[in-house]
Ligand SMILES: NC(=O)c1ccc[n+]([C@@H]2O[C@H](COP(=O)([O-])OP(=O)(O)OC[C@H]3O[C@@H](n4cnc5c(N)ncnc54)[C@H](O)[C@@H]3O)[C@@H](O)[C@H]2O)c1
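Take a look at this one chain, the form predicted on its own, written out in C-alpha coordinates.
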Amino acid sequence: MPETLNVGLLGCGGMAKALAKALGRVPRARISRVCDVVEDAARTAGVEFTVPWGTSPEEVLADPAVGAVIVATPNFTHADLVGQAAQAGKHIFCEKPMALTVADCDRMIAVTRSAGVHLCIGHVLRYLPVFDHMKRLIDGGIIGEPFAVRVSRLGGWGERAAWRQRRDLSGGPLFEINAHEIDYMRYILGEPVSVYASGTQAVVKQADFEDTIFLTVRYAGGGHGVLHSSIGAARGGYTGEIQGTEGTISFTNWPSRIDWKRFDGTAGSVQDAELHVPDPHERELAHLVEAALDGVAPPIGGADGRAAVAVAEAAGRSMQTGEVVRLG
(Lines give C-alpha, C1' and ligand atoms only; values in the text may rest on other atoms or scores of the structure.)
Protein backbone atom coordinates (compact mmCIF):
# COMPACT_ATOMS: atom_id res chain seq x y z
CA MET A 1 0.00 0.00 0.00
CA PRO A 2 1.51 3.38 -1.01
CA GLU A 3 2.17 5.97 1.69
CA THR A 4 0.83 8.80 -0.48
CA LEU A 5 -2.38 8.71 -2.50
CA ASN A 6 -1.96 10.07 -6.02
CA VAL A 7 -5.26 11.62 -7.08
CA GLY A 8 -6.39 12.49 -10.59
CA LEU A 9 -8.64 15.52 -11.03
CA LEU A 10 -11.42 15.01 -13.59
CA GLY A 11 -12.74 18.48 -14.36
CA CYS A 12 -10.86 21.75 -13.91
CA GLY A 13 -13.63 24.26 -13.20
CA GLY A 14 -13.89 26.43 -10.13
CA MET A 15 -15.23 23.77 -7.79
CA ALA A 16 -12.76 21.20 -9.08
CA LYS A 17 -9.80 23.48 -8.41
CA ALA A 18 -11.11 24.34 -4.94
CA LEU A 19 -11.22 20.62 -4.17
CA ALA A 20 -7.72 20.12 -5.57
CA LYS A 21 -6.37 22.91 -3.35
CA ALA A 22 -8.09 21.38 -0.33
CA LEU A 23 -6.64 17.96 -1.13
CA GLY A 24 -3.22 19.56 -1.16
CA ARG A 25 -3.67 20.32 2.54
CA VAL A 26 -4.76 16.77 3.42
CA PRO A 27 -1.95 14.55 4.75
CA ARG A 28 -0.88 11.57 2.62
CA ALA A 29 -2.42 12.83 -0.62
CA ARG A 30 -1.56 14.92 -3.64
CA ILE A 31 -2.99 15.84 -7.03
CA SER A 32 -0.84 13.97 -9.55
CA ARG A 33 -2.54 14.89 -12.85
CA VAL A 34 -5.52 16.87 -14.13
CA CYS A 35 -7.92 16.63 -17.02
CA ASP A 36 -10.70 18.67 -18.63
CA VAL A 37 -12.34 18.39 -22.02
CA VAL A 38 -11.76 22.15 -22.36
CA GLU A 39 -8.07 22.36 -23.22
CA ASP A 40 -7.48 25.85 -21.81
CA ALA A 41 -9.01 24.84 -18.46
CA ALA A 42 -6.87 21.70 -18.30
CA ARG A 43 -3.69 23.57 -19.22
CA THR A 44 -4.33 26.33 -16.66
CA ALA A 45 -4.93 23.78 -13.89
CA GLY A 46 -1.87 21.77 -14.90
CA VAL A 47 0.31 24.86 -14.63
CA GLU A 48 -1.28 25.91 -11.35
CA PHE A 49 -0.76 22.51 -9.70
CA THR A 50 2.49 21.77 -11.60
CA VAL A 51 1.27 18.35 -12.77
CA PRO A 52 0.66 16.70 -16.15
CA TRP A 53 -2.58 17.80 -17.83
CA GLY A 54 -4.72 16.57 -20.68
CA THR A 55 -8.20 16.44 -22.16
CA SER A 56 -8.81 12.69 -21.91
CA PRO A 57 -10.18 11.08 -18.72
CA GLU A 58 -9.03 7.75 -20.12
CA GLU A 59 -5.39 8.87 -19.86
CA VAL A 60 -5.84 9.65 -16.16
CA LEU A 61 -7.63 6.38 -15.50
CA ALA A 62 -4.99 4.38 -17.34
CA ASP A 63 -2.19 5.74 -15.14
CA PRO A 64 -1.25 2.99 -12.64
CA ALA A 65 0.20 5.58 -10.27
CA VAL A 66 -3.24 7.19 -9.83
CA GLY A 67 -5.03 5.55 -6.93
CA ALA A 68 -8.13 7.72 -6.78
CA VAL A 69 -9.96 10.41 -8.71
CA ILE A 70 -12.05 13.46 -7.95
CA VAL A 71 -15.03 13.69 -10.31
CA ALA A 72 -15.96 17.38 -10.44
CA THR A 73 -17.43 17.60 -13.91
CA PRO A 74 -20.91 18.68 -15.06
CA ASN A 75 -23.70 16.74 -13.36
CA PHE A 76 -24.78 14.73 -16.40
CA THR A 77 -21.30 13.18 -16.74
CA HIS A 78 -20.97 11.82 -13.19
CA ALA A 79 -22.51 8.39 -13.72
CA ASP A 80 -20.38 7.41 -16.71
CA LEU A 81 -17.12 8.78 -15.28
CA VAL A 82 -17.64 7.04 -11.94
CA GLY A 83 -18.32 3.81 -13.80
CA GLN A 84 -15.14 4.16 -15.86
CA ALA A 85 -13.07 5.07 -12.78
CA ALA A 86 -14.38 2.08 -10.83
CA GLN A 87 -13.63 -0.31 -13.68
CA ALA A 88 -10.10 1.13 -13.74
CA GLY A 89 -9.75 0.29 -10.05
CA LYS A 90 -9.71 3.87 -8.77
CA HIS A 91 -11.32 5.03 -5.53
CA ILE A 92 -13.67 7.93 -6.19
CA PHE A 93 -14.80 11.23 -4.75
CA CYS A 94 -17.83 12.45 -6.73
CA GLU A 95 -19.22 15.94 -6.34
CA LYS A 96 -22.93 16.32 -5.69
CA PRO A 97 -25.37 15.56 -7.14
CA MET A 98 -24.29 11.95 -7.39
CA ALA A 99 -26.26 11.60 -10.64
CA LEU A 100 -29.50 12.77 -12.25
CA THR A 101 -31.53 9.58 -11.80
CA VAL A 102 -31.89 6.87 -9.18
CA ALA A 103 -31.21 4.32 -11.90
CA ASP A 104 -27.79 5.88 -12.55
CA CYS A 105 -27.07 5.98 -8.81
CA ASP A 106 -27.85 2.27 -8.58
CA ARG A 107 -25.52 1.61 -11.51
CA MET A 108 -22.74 3.61 -9.83
CA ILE A 109 -23.16 1.77 -6.53
CA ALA A 110 -23.16 -1.60 -8.28
CA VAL A 111 -20.02 -0.94 -10.33
CA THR A 112 -18.02 0.42 -7.39
CA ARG A 113 -19.02 -2.54 -5.23
CA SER A 114 -18.14 -4.99 -7.98
CA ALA A 115 -14.77 -3.31 -8.48
CA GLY A 116 -14.04 -3.21 -4.76
CA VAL A 117 -13.44 0.55 -4.68
CA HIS A 118 -14.82 3.18 -2.34
CA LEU A 119 -17.24 5.90 -3.46
CA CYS A 120 -17.41 9.20 -1.55
CA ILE A 121 -20.10 11.78 -2.33
CA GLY A 122 -19.55 15.52 -1.83
CA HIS A 123 -22.39 16.49 0.49
CA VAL A 124 -20.14 19.01 2.18
CA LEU A 125 -22.97 20.99 3.82
CA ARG A 126 -22.84 18.57 6.76
CA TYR A 127 -19.37 19.93 7.54
CA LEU A 128 -20.05 23.66 7.17
CA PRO A 129 -19.87 25.50 10.52
CA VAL A 130 -23.57 26.19 11.18
CA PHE A 131 -24.73 22.76 10.05
CA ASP A 132 -21.91 20.89 11.80
CA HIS A 133 -22.64 22.66 15.10
CA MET A 134 -26.40 22.11 14.84
CA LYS A 135 -25.85 18.38 14.44
CA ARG A 136 -23.57 18.38 17.48
CA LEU A 137 -26.23 20.20 19.51
CA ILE A 138 -28.86 17.69 18.40
CA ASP A 139 -26.62 14.72 19.14
CA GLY A 140 -26.02 16.23 22.59
CA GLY A 141 -29.77 16.17 23.28
CA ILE A 142 -30.25 19.94 23.47
CA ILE A 143 -33.66 19.85 21.74
CA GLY A 144 -34.63 16.24 22.40
CA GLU A 145 -35.77 14.19 19.43
CA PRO A 146 -35.93 16.27 16.21
CA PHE A 147 -39.19 15.94 14.30
CA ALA A 148 -39.39 18.95 11.96
CA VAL A 149 -36.90 20.86 9.81
CA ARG A 150 -37.53 23.98 7.72
CA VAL A 151 -34.88 25.44 5.42
CA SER A 152 -35.22 28.54 3.27
CA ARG A 153 -32.43 29.10 0.73
CA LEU A 154 -33.04 32.07 -1.53
CA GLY A 155 -30.78 33.84 -3.99
CA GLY A 156 -30.34 35.04 -7.55
CA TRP A 157 -29.22 33.09 -10.61
CA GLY A 158 -26.84 35.40 -12.49
CA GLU A 159 -24.62 34.20 -15.30
CA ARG A 160 -24.29 30.43 -15.52
CA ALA A 161 -22.73 27.97 -17.95
CA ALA A 162 -25.10 26.78 -20.66
CA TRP A 163 -25.36 23.24 -19.28
CA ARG A 164 -26.52 24.61 -15.91
CA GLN A 165 -29.56 26.19 -17.62
CA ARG A 166 -30.88 22.81 -18.86
CA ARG A 167 -32.83 20.36 -16.75
CA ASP A 168 -31.57 17.34 -18.70
CA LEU A 169 -27.93 18.27 -18.01
CA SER A 170 -28.04 19.82 -14.52
CA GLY A 171 -31.24 18.44 -13.04
CA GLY A 172 -32.43 21.90 -12.04
CA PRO A 173 -32.08 23.54 -8.60
CA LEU A 174 -33.03 20.55 -6.44
CA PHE A 175 -30.12 18.59 -7.94
CA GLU A 176 -27.68 21.39 -8.73
CA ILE A 177 -28.05 23.36 -5.49
CA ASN A 178 -30.41 21.79 -2.99
CA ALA A 179 -28.94 18.31 -2.97
CA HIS A 180 -27.17 19.77 0.07
CA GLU A 181 -30.31 20.68 2.00
CA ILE A 182 -32.09 17.47 0.98
CA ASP A 183 -29.16 15.47 2.32
CA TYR A 184 -28.99 17.47 5.53
CA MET A 185 -32.69 17.03 6.32
CA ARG A 186 -32.22 13.28 5.92
CA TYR A 187 -29.11 13.49 8.12
CA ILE A 188 -31.32 14.92 10.88
CA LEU A 189 -34.64 13.12 10.35
CA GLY A 190 -33.81 9.73 8.84
CA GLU A 191 -35.05 7.97 5.74
CA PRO A 192 -37.57 9.81 3.50
CA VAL A 193 -40.76 7.96 2.61
CA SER A 194 -42.80 10.47 0.58
CA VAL A 195 -42.35 13.72 -1.31
CA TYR A 196 -44.65 16.54 -2.38
CA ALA A 197 -43.42 19.55 -4.34
CA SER A 198 -44.76 22.53 -6.24
CA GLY A 199 -42.86 25.13 -8.21
CA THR A 200 -43.00 27.97 -10.67
CA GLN A 201 -40.79 29.67 -13.26
CA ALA A 202 -41.45 33.33 -12.57
CA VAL A 203 -38.12 35.14 -12.92
CA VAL A 204 -35.31 33.05 -14.44
CA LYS A 205 -36.51 32.73 -18.03
CA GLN A 206 -33.20 31.67 -19.58
CA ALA A 207 -33.40 28.26 -17.90
CA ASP A 208 -35.91 25.50 -18.66
CA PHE A 209 -36.87 24.70 -15.06
CA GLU A 210 -38.62 26.16 -12.03
CA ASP A 211 -36.87 29.03 -10.26
CA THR A 212 -38.90 28.74 -7.03
CA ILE A 213 -39.83 25.45 -5.40
CA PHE A 214 -41.55 24.35 -2.21
CA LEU A 215 -40.63 20.81 -1.19
CA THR A 216 -42.17 18.78 1.65
CA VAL A 217 -40.67 15.44 2.70
CA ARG A 218 -42.11 12.95 5.18
CA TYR A 219 -39.70 10.61 6.98
CA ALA A 220 -40.00 7.06 8.27
CA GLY A 221 -39.86 8.15 11.90
CA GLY A 222 -42.80 10.52 11.43
CA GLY A 223 -40.73 13.68 10.93
CA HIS A 224 -41.33 16.32 8.29
CA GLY A 225 -38.93 18.52 6.32
CA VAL A 226 -39.79 21.61 4.29
CA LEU A 227 -37.50 23.37 1.84
CA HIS A 228 -38.19 26.74 0.22
CA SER A 229 -35.72 27.00 -2.66
CA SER A 230 -35.44 29.95 -5.01
CA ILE A 231 -32.91 31.14 -7.57
CA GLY A 232 -35.21 34.05 -8.44
CA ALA A 233 -35.09 36.12 -5.25
CA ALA A 234 -33.92 39.75 -5.26
CA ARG A 235 -32.94 39.43 -1.59
CA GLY A 236 -30.96 36.38 -0.68
CA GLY A 237 -31.20 34.49 2.59
CA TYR A 238 -30.39 31.15 4.16
CA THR A 239 -32.37 30.45 7.32
CA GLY A 240 -34.33 27.74 9.09
CA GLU A 241 -35.44 25.94 12.21
CA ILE A 242 -35.16 22.48 13.67
CA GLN A 243 -37.89 21.54 16.13
CA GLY A 244 -37.39 18.84 18.72
CA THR A 245 -39.44 17.34 21.51
CA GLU A 246 -37.56 19.42 24.10
CA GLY A 247 -36.67 22.60 22.23
CA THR A 248 -36.01 24.44 18.96
CA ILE A 249 -32.93 25.57 17.06
CA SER A 250 -33.05 28.55 14.69
CA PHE A 251 -30.22 29.36 12.32
CA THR A 252 -28.99 31.72 9.67
CA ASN A 253 -26.10 30.80 7.42
CA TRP A 254 -25.48 34.35 6.03
CA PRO A 255 -24.25 35.59 8.54
CA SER A 256 -23.53 32.49 10.61
CA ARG A 257 -25.56 32.23 13.79
CA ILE A 258 -27.40 29.56 15.79
CA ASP A 259 -29.98 30.28 18.52
CA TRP A 260 -31.65 27.61 20.61
CA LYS A 261 -34.23 27.45 23.36
CA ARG A 262 -35.63 24.60 25.43
CA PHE A 263 -39.11 24.28 26.88
CA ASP A 264 -37.55 24.46 30.36
CA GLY A 265 -36.53 28.06 29.60
CA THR A 266 -32.81 27.55 29.06
CA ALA A 267 -31.45 29.13 25.89
CA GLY A 268 -28.23 29.95 24.12
CA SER A 269 -26.60 31.12 20.92
CA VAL A 270 -23.46 30.39 18.93
CA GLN A 271 -22.02 32.69 16.29
CA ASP A 272 -18.99 33.87 14.35
CA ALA A 273 -15.68 32.62 15.82
CA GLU A 274 -17.46 30.14 18.08
CA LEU A 275 -18.59 28.31 14.93
CA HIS A 276 -15.06 27.52 13.79
CA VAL A 277 -14.67 23.99 12.38
CA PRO A 278 -11.95 22.21 10.37
CA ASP A 279 -11.99 23.13 6.69
CA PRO A 280 -15.07 21.34 5.26
CA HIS A 281 -13.48 20.36 1.94
CA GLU A 282 -10.35 19.07 3.63
CA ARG A 283 -12.55 17.04 5.94
CA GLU A 284 -14.56 15.38 3.17
CA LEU A 285 -11.46 14.66 1.09
CA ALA A 286 -9.70 13.17 4.11
CA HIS A 287 -12.40 10.49 3.94
CA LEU A 288 -11.30 9.66 0.40
CA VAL A 289 -7.72 9.27 1.58
CA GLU A 290 -8.73 7.11 4.56
CA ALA A 291 -10.89 4.95 2.30
CA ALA A 292 -8.17 4.45 -0.31
CA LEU A 293 -5.18 3.97 2.00
CA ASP A 294 -6.76 2.51 5.14
CA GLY A 295 -9.88 0.78 3.84
CA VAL A 296 -12.18 2.89 6.02
CA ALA A 297 -15.69 3.14 4.57
CA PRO A 298 -16.55 6.81 3.91
CA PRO A 299 -19.29 8.31 6.12
CA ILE A 300 -21.00 9.91 3.10
CA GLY A 301 -21.19 7.29 0.38
CA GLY A 302 -23.31 6.04 -2.47
CA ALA A 303 -26.40 5.34 -0.36
CA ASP A 304 -26.40 8.96 0.83
CA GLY A 305 -25.99 10.35 -2.66
CA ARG A 306 -28.72 8.08 -3.96
CA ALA A 307 -31.15 9.15 -1.23
CA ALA A 308 -30.80 12.82 -2.16
CA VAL A 309 -31.28 12.04 -5.85
CA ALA A 310 -34.36 9.94 -5.04
CA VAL A 311 -36.00 12.90 -3.28
CA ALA A 312 -35.11 15.36 -6.06
CA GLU A 313 -36.32 12.94 -8.74
CA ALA A 314 -39.58 12.33 -6.86
CA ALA A 315 -40.06 16.09 -6.44
CA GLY A 316 -39.90 16.47 -10.20
CA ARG A 317 -42.63 13.87 -10.63
CA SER A 318 -44.71 15.52 -7.93
CA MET A 319 -44.48 18.93 -9.62
CA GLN A 320 -45.62 17.35 -12.88
CA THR A 321 -48.55 15.41 -11.44
CA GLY A 322 -49.55 17.49 -8.41
CA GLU A 323 -49.50 14.32 -6.32
CA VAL A 324 -47.55 12.98 -3.36
CA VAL A 325 -44.85 10.58 -4.56
CA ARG A 326 -43.98 7.66 -2.31
CA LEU A 327 -40.42 6.39 -2.19
CA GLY A 328 -39.61 2.73 -2.34
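Just so it is clear, the structure is predicted and the values come from calculations on it, not from any experiment. So that there is no doubt, residue numbering starts at 1 and follows the sequence shown.
Unshown form predicted together with this ligand; subsequent notes refer to it.
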property: Non-hydrogen atom within 4.5 angstroms of this ligand in the model of the complex for each of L81, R164 and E176; result: yes
property: Proximity to this ligand in the model of the complex (heavy atom, within 4.5 Å), stretch among 121 to 129, 143 to 151, 107 to 115, 216 to 224; result: 121 to 129
property: This ligand: the contacting residue among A303, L275, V38, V51 in the model of the complex [heavy atom, 4.5 Å]; result: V38
property: Listed residue that, although this ligand is not shown, lies within 4.5 Å of it in the model of the complex (heavy atoms), from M319, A16, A307, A22; result: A16
property: Proximity of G171 to this ligand in the model of the complex, heavy atoms at 4.5 Å; result: no
property: Exercise: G240 in contact with this ligand in the model of the complex, heavy atom 4.5 Å; result: no
property: Contact label in the model of the complex: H180 to this ligand, heavy atom within 4.5 Å; result: yes
property: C12 within 4.5 Å of this ligand in the model of the complex, heavy atoms; result: yes
property: Partner contacts for 65 to 97, taking this ligand in the model of the complex and a 4.5 Å heavy atom cut-off; result: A72, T73, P74, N75, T77, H78, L81, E95, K96, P97
